[in-house]
Ligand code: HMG
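Given next, in structure tokens, is a single chain: the form predicted alone.
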Amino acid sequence: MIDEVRIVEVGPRDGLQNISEPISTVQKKIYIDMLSEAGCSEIEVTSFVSPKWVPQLADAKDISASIQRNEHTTYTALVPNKKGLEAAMESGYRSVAIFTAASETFSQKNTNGSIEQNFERFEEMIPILEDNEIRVRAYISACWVCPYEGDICAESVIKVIQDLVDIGVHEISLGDTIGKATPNDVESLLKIILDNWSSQLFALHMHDTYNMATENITIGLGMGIRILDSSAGGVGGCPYAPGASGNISTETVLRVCDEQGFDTGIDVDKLKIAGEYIRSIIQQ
């Protein structure tokens, strides 16, 4: 039996959020529908945040209504707070993502609040999430290196993970937000984490800013991680992290998984077409 890896396709949200030139709702719909057609098991469609902070995703409601939803695909929306959660639910989402950081400074820059304030917002959402049986994945940014604080200690990451586990999240994505983690860094932190929790709880969200993402996800796969975040076409990064260009492309992740003997269930040829399409839009 071939071991399976689940790809969380973040191109439509994380990939496009910091593209300055407006991308039309129709173009986003075509991109997302292509990803669905390629067999992506999870697609992060958009974010219900204030257009003031992320203008590119101001059409969250419209894009959510326009896409063709595949019954075999989980469609997820990023939500910053209770208001965003309610808007996502009104748009039919049964899966949402929340976000925090392992660095206090990064949290302030990214969410305009402390890590503790992030969790206060999460606490407001918990009753709604539980009552409606909404699936929740959580992002932790800057798990290895912060653009403002430098190296992040493992204890900071462990504390945030424990707090997320305590509120009942279903999946935690560990982010190398500026792509500076080395394979040794990834192995060291994962060893500590996996001594405390099951590998099934975690995803890796690696940026390829310094060309280390491929090695880093290979380390993760070798340690039992079976969920990887990536962006078709390799578009995007984080608008609140200087230098955080370069999400690892889903095309690259598929190649690595194939080389390592893992099945993703994604049609490589159709995925490449989606990546080429969105790159052509951005480069216009």
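Source: prediction; values computed, not measured. Position 1 is the first residue in the sequence shown; the rest follow in order.
Another form, the form predicted in complex with the named molecule, is not on view; read the next lines as being about it.
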query = Using a 4.5 Å heavy atom cut-off, are Pro51, Pro80 and Arg121 all in contact with the named molecule in the predicted bound form?
reply = yes
Testing 107 to 115, 195 to 203, 157 to 165, 125 to 133 against the named molecule in the predicted bound form with a 4.5 Å heavy atom criterion leaves exactly one stretch, namely 107 to 115
query: Should Tyr139 be counted as a contact of the named molecule in the predicted bound form, where contact means heavy atoms within 4.5 Å?
result: yes
Tyr93 versus the named molecule, in the predicted bound form: is there a non-hydrogen atom within 4.5 Å? no
inquiry  = With the partner left out here, check for me: in the predicted bound form, does some heavy atom of Gln17 sit within 4.5 Å of the named molecule?
reply    = yes
Original post:
Taking heavy atoms and a 4.5 Å cut-off, does Phe99 contact the named molecule in the predicted bound form?
Top reply: yes
